[in-house]
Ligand SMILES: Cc1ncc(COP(=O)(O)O)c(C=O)c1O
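Take a look at this single chain, the form predicted alone, given in C-alpha cells.
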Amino acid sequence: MAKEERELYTFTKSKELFARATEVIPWGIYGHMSPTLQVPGAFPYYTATAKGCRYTDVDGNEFIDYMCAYGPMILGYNYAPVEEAAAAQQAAANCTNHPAPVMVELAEFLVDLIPVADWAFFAKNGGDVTTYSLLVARAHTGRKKVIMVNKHYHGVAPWCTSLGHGGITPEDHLNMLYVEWNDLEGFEALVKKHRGEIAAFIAQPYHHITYGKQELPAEGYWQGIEKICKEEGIVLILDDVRTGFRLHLGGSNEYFGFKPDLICFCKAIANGHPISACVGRKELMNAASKVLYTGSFWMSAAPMAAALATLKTLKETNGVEKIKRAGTMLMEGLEELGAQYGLEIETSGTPGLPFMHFKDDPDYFLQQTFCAEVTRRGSFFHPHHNWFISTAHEDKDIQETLNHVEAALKAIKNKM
C-alpha cells in the first residue's frame, strides 16, 4: 500500500499557480471550472498539454479525460484534420469586415444534416444562442413568458441564473415560469393558466443536473410537450448545447423522437473552437431576421472551418456509434466493479454523457472521495457534473480507467 500511495499524483504547481491567480483574478478560476466545485487539493487546476483523450497538468500528471473540456472535445484534443482546417482559414482570413464563404458552407451543411433545420445562426457560447432563441420566440409570437424546467442550465444570462447569485434581481425572472422535469401534467396546467401569454418552452433533451442522478424523459413526455406546444402556438426550444452531436447528428430530439422549432448547439460543434449555433424551422426565419443580436467575434471564420471539419468527420466516421460503444463499456464496467467490491454503483444518463453515483451516498461524500482517488491515479472523474465521452476514447483507455477505478475502490474499502 505504501508503494501505491507514493505513486499517487500530487498537485503542488497547480496550487502554487492558483494562489497567484487569486491575487489578480476573481475566484482565481471562476465559473464551472472552479476548484471549489470539485474537491480542493485533490484535483489538477491547470493544463499544460493535451492530445487525444488525454491531457497533462502543470505538475506533469497525465489524465484520461472524462470531462472533455466540459463537453467541447469530441474527436480528441488537437485532432489534426480540425486543426488544419482552422489553421488554413486563419491564414487566409479570420476576423475581418465581412464573413468568409465558410459561413455559408457551414450553414448549408447544418441545414442538410439536421432534419428540423431550415436556417442557421452563429454566435460564440451556448448562452448566446439560448438567449437568442428566446428573442426569436418572442418576436415570432408577440408574447413575453417562457417556461423552463427547474434546475436546467441554459447559461449565465440573468433570465436563467437563479436568485442568490451576484447581480441577479427578481425582475430578471419576471416573465419566467417553472415546471418540474418529466411533469407533463404540470406543464399542461401551467399552459392553461397562462394561455395566450407563453412564447416558448426551453429544456434540455433530458435531465442532467449537477449534484444529482440523470433522468431520461418518461415515455411519451416529449411527444406530449410537442403536441401541446403546437396546439397553443408555443415555440419549442431544445437546448442541445451539452448533448448535441453525442446522441444523434441530427439533434438529440431525433434520439428521443420529437421535433422542436429551434435547437441550440455549442460545445462539441467545433471540437474546442469557439462557436455556437441556433437552427430553426422556416416559419421562424422572418422573426429571426428581426432580432438584433451580434458580437465582435461571432463571424470569425476559423472556428466555422473547425466546425465544418468536425461535423464532417463525425458523419464520415460514424462518431456517435463509437462514442456510444465506449460510454457503454465504461458504464457497465463501473457497475460491475462496484458490485464486486460491495459499493453499489448506479450509472445514469446516456453513454455519450454518462454519470454515476453510489446508491448509499446521500451527501455525495463517498462520491467525492472516490472521484478524487480515481483522478489521483490518472483518470479525471468529476464528482458532481455529468461526464463526456469522445471518439478518441478507445477500449484500451476505458480498460486503463477501470483499473484506476478498481484501485480506488480497494483504497476506499481499506479505509472503511
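Start at 1 and count along the sequence shown; that's the residue number. Every value quoted in this text rests on a predicted model; they were computed, and no experiment measured them.
The form predicted together with the ligand exists for this protein as well; it is not shown, and the discussion that follows is about that form.
Participant: Just to be sure I understand the contacts: of G272, G327, G319, G127, which is the one whose heavy atoms reach within 4.5 angstroms of the ligand in the predicted complex?
Facilitator: Exactly one residue meets the criterion: G127.
Participant: Going by heavy atom distances of 4.5 angstroms or less, which of L284, V241, L314, M148 would be at the interface with the ligand in the predicted complex?
Facilitator: By the 4.5 Å criterion, the partner-contacting residue is V241.
Participant: Using a 4.5 Å heavy atom cut-off, indicate which stretch of 259 to 267, 173 to 181, 95 to 103, 226 to 234 touches the ligand in the predicted complex.
Facilitator: Looking at the partner contacts, the answer comes out as 259 to 267.
Participant: Test of understanding: in the predicted complex, would G333 fall inside 4.5 Å of the ligand by heavy atoms?
Facilitator: It does not: once the ligand is placed as it appears in the predicted complex, G333 has no heavy atom within 4.5 Å of it.
Participant: Considering only heavy atoms, tell me if Q204 and the ligand come within 4.5 Å of each other in the predicted complex.
Facilitator: Yes, Q204 is a contact residue.
Participant: Answer with yes or no whether G155 is in contact with the ligand in the predicted complex, where contact means some heavy atom within 4.5 Å.
Facilitator: Because a heavy atom of G155 falls inside 4.5 Å of the ligand in the predicted complex, the answer is yes.
Participant: Just to confirm, H208 within 4.5 Å of the ligand in the predicted complex by heavy atoms?
Facilitator: Yes, contact at 4.5 Å.
Participant: Only counting heavy atoms and a 4.5 Å limit, does any residue of 81 to 119 reach the ligand in the predicted complex, and if so which ones?
Facilitator: Nothing in this stretch is in contact.
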